[in-house]
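Let's start with one chain on its own, the form predicted on its own, as structure tokens.
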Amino acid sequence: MTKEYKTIIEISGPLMFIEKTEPVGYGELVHINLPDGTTKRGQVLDTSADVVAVQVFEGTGGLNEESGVVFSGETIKLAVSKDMLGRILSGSGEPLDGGPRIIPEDRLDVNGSSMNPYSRMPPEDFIQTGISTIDGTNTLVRGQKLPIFSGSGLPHNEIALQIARQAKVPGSEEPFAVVFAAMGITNEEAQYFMQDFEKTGALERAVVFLNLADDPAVERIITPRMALTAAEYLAYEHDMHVLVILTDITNYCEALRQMGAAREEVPGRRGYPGYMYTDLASLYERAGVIKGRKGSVTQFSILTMPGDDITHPIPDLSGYITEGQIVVSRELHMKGIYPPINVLPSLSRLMNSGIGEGKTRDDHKAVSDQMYAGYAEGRDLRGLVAIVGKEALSDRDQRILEFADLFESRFVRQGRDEDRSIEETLTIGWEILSELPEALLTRIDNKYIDKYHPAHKSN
């Protein structure tokens, strides 16, 4: 028989404290019956010999000592089904699109289960996003976790939507799905996301979780776990290749800080909990490819760096866990360039595993290295020009300087709906490299110059 306890002794922010009268498990789901007949849900945060601390998902408004608390004996679970594809759900998994509740094929713990490192397969399959600065110079590989480091006011949401629309594995007929989770976004942003998904048809192969800014912070903590649970189900039960896009991890971490303050925990760096690294790892490490399973989970996590500070705890800790980062540049955005991705601080540690002959093209690595080197030198020369003037540069340096401008205007800049194949990306790379004397192409083997250089191909 289920017991209901009316032993609430304190309510503090999103937390509720109940005198304990039976053994209660950590993370256990709680049902709270209010005097007006409504029900709220919560989760056990902490338990001791005398008191149980519960975080309330819908906020503690309306709760009082007359409210009844029922411990369910199970953890938070998500009702999963293949019918989730094409649905828009709240951060706690409730339908937002006016459709019926999902009839579950299974109910899965949102915390998932840790992936045995021995069972992991090294990621090696190229994913084409249609964005040249990612595909050409910071390639995404199936099973990788690659965050986007952005700043307030930059078009990271547009980039996320473009990736959600365009991502695919070239030449593969295997089922591909997108799980999109937005945390702490405004109602206007939510409408923008929903309209874009519906207008472009991307919703047909997507599951969308939306947690709004006015939703309780506690719900923000379970939203990414809901999304990753749905992704793992589609990947490992239905053999789909799933791309998970999480935006914005900064809002998630702010919710963690808020919960830590409510629990009166000793704060760590800049007030964030000391366990934030472990908590972020519990999200990021749910990406991967498992031996013997056809499906995979790939992660794109978007985080806005407070004050554009890449040393801030959130991007800093994320960088230690993930396999690289894509950096969105305010300088390029101010120039009117979209997508404003700066390839110099960006990095994909698994790029070399997913490119080359049979995957993208044999000249991919050489072209990427040469463009990176030329652009880096050109950026340095801009600083010199500001001091001595362009006329003081040698002919070689002026060519490098022009290459940097060409790289931004032709390779980096592209349309918001422009879906470039890897062949088109590499062709554009060769076209701008052909503006440099062949003697400067020191990072490209002569066999690739003879095969792909526009001056030789026309012969």
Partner chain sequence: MKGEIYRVAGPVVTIMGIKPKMYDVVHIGHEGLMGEVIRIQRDKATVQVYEDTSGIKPGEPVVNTGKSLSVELGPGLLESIYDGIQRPLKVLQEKMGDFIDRGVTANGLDREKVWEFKPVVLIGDFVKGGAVIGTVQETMNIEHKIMVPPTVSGTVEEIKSGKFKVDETVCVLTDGTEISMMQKWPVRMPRPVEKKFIPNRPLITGQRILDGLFPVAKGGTAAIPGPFGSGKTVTQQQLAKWSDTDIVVYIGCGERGNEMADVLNEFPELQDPQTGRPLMERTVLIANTSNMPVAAREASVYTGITIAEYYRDMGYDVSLMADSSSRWAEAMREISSRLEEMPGEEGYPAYLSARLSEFYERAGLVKSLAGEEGSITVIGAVSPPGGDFSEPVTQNTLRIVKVFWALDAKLAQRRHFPSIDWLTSYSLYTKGLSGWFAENVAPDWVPLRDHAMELLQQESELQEIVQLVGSDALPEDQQLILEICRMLREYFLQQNAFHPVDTYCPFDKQYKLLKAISKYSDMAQASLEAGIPMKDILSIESKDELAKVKFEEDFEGALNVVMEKMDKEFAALGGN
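All figures in this text were calculated on a predicted structure; none of them were measured in a lab. Rigid core (definition): largest C-alpha set, two forms, superposition within 1.5 Å. Residue numbers count along the first chain shown, from 1.
Unshown form predicted together with the partner chain; subsequent notes refer to it.
Do residue 416 and the partner chain come within 4.5 Å of each other in the predicted complex, heavy atoms counted?
Answer no; every heavy atom of residue 416 is more than 4.5 Å from the partner chain in the predicted complex.
Is there a non-hydrogen atom of residue 310 within 4.5 angstroms of a non-hydrogen atom of the partner chain in the predicted complex?
So residue 310 counts as contacting the partner chain.
Looking at the partner-bound form in the predicted complex, is residue 105 within 4.5 Å of the partner chain by any heavy atom?
No, residue 105 sits far enough from the partner chain in the predicted complex that none of its heavy atoms falls within 4.5 Å.
4.5 Å heavy atom contact, residue 365 and the partner chain in the predicted complex
Because a heavy atom of residue 365 falls inside 4.5 Å of the partner chain in the predicted complex, the answer is yes.
Which residue, 153, 201, 122, 95, has a heavy atom that falls within 4.5 Å of the partner chain in the predicted complex?
Filtering the options by heavy-atom distance leaves 122.
Between 277, 176, 338, 192, only one gets a heavy atom within 4.5 angstroms of the partner chain in the predicted complex; which residue is that?
Only one listed residue qualifies here, and that residue is 277.
Using a 4.5 Å heavy atom cut-off, which of 406-414, 33-41, 388-396, 62-70 contacts the partner chain in the predicted complex?
Among the listed stretches, the partner-contacting one is 388-396.
With the partner chain taken in the predicted complex, which residues across 115-146 come within 4.5 angstroms through any non-hydrogen atom?
Counting only heavy atoms within 4.5 Å of the partner chain in the predicted complex, the contacting residues of 115-146 are 115, 116, 117, 118, 119, 120, 121, 122, 123, 138, 143, 145.
Can a Cα shift of no less than 2 Å be assigned to residue 43 between this form and the one not shown, given superposition on the rigid core?
No, the C-alpha moves less than 2 Å.
Yes/no, residue 28 Cα shift of 2 Å or more between this form and the one not shown with rigid core fixed
It does not reach a 2 Å shift.
Is there a C-alpha shift of 2 Å or more at residue 393 between this form and the one not shown once the rigid core is superposed?
True for residue 393: a C-alpha shift of 2 Å or more.
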